[in-house]
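As structure tokens, one chain now follows by itself in the form predicted on its own.
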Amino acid sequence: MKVFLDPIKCSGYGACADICPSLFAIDEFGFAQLLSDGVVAASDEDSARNAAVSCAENAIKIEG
């Protein structure tokens, strides 16, 4: 599974980083950023899906 983040859509609510800190962080400007190439470890799949669902701006997409 792979996760994609559209930084243009991000409004900086930070739910993704709270839900899945192994994949997302908040940058110095208050917006989400991916911490990796987007490949999700099996142990993080549920939290990655929850982060995507929780994104108010639909800035997170999951493939696979």
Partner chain sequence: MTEHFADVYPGLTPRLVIGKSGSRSLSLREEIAAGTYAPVATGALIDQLEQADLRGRGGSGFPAHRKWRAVRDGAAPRVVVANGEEGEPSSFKDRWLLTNRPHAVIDGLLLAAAAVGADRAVIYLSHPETVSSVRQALVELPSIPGRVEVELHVVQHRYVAGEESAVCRSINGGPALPLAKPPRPFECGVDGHPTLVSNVETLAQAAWIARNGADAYRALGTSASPGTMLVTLGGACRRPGVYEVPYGLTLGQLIEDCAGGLSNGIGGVLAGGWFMGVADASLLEATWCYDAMRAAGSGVGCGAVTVLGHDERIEEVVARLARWYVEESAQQCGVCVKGTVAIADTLELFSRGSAEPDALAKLARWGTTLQGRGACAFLDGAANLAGTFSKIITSDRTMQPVAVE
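None of the values given here were measured: they were computed from a predicted structure. Residue numbers count along the first chain shown, from 1.
Below, we turn to the form predicted together with its partner chain, even though it does not appear here.
For the chain shown alone, E57 is not a contact residue for its partner chain in the predicted complex, no non-hydrogen atom being within 4.5 angstroms. Not displayed here, its partner chain is kept clear of D37 by more than 4.5 Å at the level of heavy atoms in the predicted complex. For the partner-free chain shown, F4, D6, P7, I8, D27, E28, F29, F31, A32, Q33 of 1-37 come within 4.5 angstroms of its partner chain in the predicted complex, judged by any non-hydrogen atom.
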